[in-house]
Structure formats: C-alpha cells, structure tokens
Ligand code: HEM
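Single chain ahead, written as structure tokens, the form predicted alone.
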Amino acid sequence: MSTDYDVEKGDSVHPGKPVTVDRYTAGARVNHWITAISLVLLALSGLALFHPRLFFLTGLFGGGPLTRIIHPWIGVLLFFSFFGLFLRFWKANLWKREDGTWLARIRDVLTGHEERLPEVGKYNAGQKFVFWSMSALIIVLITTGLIIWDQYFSVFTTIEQKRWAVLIHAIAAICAISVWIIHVYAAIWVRGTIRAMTRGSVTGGWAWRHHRKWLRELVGKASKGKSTPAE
C-alpha cells in the first residue's frame, strides 16, 4: 500500500493523501492482456469459420485460407497464456464459505446493496465462476480443437470423433464468449475495476467496498512487518 490505512473506517489515516493498494504485478497484467487479446482474436476467427454470414470476418485475417491456418495457432497461444494465469491465481479462486453467502445474496449484488454482503477475499463468487468456467472451457476447446486440426492430427482420429468434436467445440466456444461478455461487463459495471489491470493497483476505497476481507489480510500482514506483494 502506498500509505497508512484505517481498516475499520476504510480510509486513509492521513486525510488528503491518496491510498492505493497493489493488486497485480506487471507480469500478471501482461499475461492477462495476452490472454484477453488471444481470446478476442480466437472468437473472431472462429465465428468467421462458423457460419457463411460471418465469413466476412476472415478479411481481418487475410482471407479464408489464412484464417483457417491462423485460428488453431491462436488457440494454442490462448491455452498457454491462460495456463500462466491459472498457475498464478488458482489458489485465490478456491471456494470459501462466504462465497456461498455472497451467491445467495446475488440480488443485493445486482441492486448495489453491498452493505448486505459478506466480506470477501481477493475474488468474489462471481469472479471465481468466471475463472473456473474459463478454465474448464479452454481445456474443452483445446482438446476438441486438436481433434479437428487435420493438418497435424487427422491420422489419430476418426470421422465420427471429429463430428462430435466439432459440435462440442462450437458449444464450448459459445459458452466461452458468453462468460467473456459477463467478465467484461462486470469489469465496466464495477467502477474502478479496470484500473487494476491497467495500472496494477486499486484505490483503498475500492478494496474496502468490494474485497474487504482481502484488504484486512493485507493490512494485518503489513502491521506485522510482512511484505504483501501483488500477484
């Protein structure tokens, strides 16, 4: 943290001084944006190949043949990039008792009555849903994608397997795009969230309001002289 913080009041002990809390390292932010850009490019190229009416999107990638070549490689990049995020954040996304309470009070979340919500750690139940959903969906996408990647794997699979893989791949892709939309909408909806992935820090007020348990943990460690590096 950039200055002292009164965890009981959710404010700086030195009025007028800005309070910021480190949330993400530069490495984590670069990892996140590589994953995000890969997912967008993968979605656009995949949609271009999904339906004739969306074929015009292949123009973004140099035409149909190039799109077909590039699409699976973007998928490989997404898989390894997300794997890096997974290694960084899986522990922080483990389910906690308060997450069940938070989820049960989802109406209060949507209506902005955060005073009725339990204190949560670095991630709330909604963020954990996005994390674990994307983790599962990306595994499904890479697995089915390899099965239908004829250039390298056609000799290892049957026509029947490819038919099922195409169907599952399409369903998983639609689900992944839907989860991504929820993720982006939530980041925009909760004011101050995008700052975390652009600057690496959040305001003390944001941390107090949305992730109070996490802030208390940071302040507790700081008061004991322990370092609290961002992830």
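In case it trips you up, residue 1 is the first one in the sequence shown, and so on. As the structure is a prediction and not an experimental result, all values here were calculated from the model.
There is another form of this protein, the form predicted in complex with the ligand, and it is not shown here; the text below is about that form.
- Remark: open binding site. Placing the ligand in the predicted complex onto this structure by local C-alpha superposition gives no atom within 2.4 Å of a backbone or C-beta atom.
- For residue 50, a non-hydrogen atom is located within 4.5 Å of the ligand in the predicted complex, even though that partner is not displayed.
- Under a 4.5 angstroms non-hydrogen atom cutoff, the ligand in the predicted complex has residue 177 among its neighbouring residues.
- In the predicted complex, residue 141 approaches the ligand with a heavy atom inside 4.5 Å.
- Contact check for residue 122: every heavy atom lies farther than 4.5 Å from the ligand in the predicted complex.
- With respect to the ligand in the predicted complex, the three residues 85, 131 and 196 uniformly fall beyond 4.5 angstroms at the level of their nearest heavy atom.
- Of the candidate stretches 114 to 122, 101 to 109, 143 to 151, 156 to 164, only 143 to 151 has residues whose heavy atoms lie within 4.5 Å of the ligand in the predicted complex.
- Checked against the ligand in the predicted complex, the candidates 170, 30, 184, 37 yield a single residue with a heavy atom inside 4.5 Å, and that residue is 170.
- Scanning 41 to 75 for heavy atoms within 4.5 Å of the ligand in the predicted complex gives 42, 43, 46, 47, 49, 50, 67, 68, 71, 72, 75 in sequence order.
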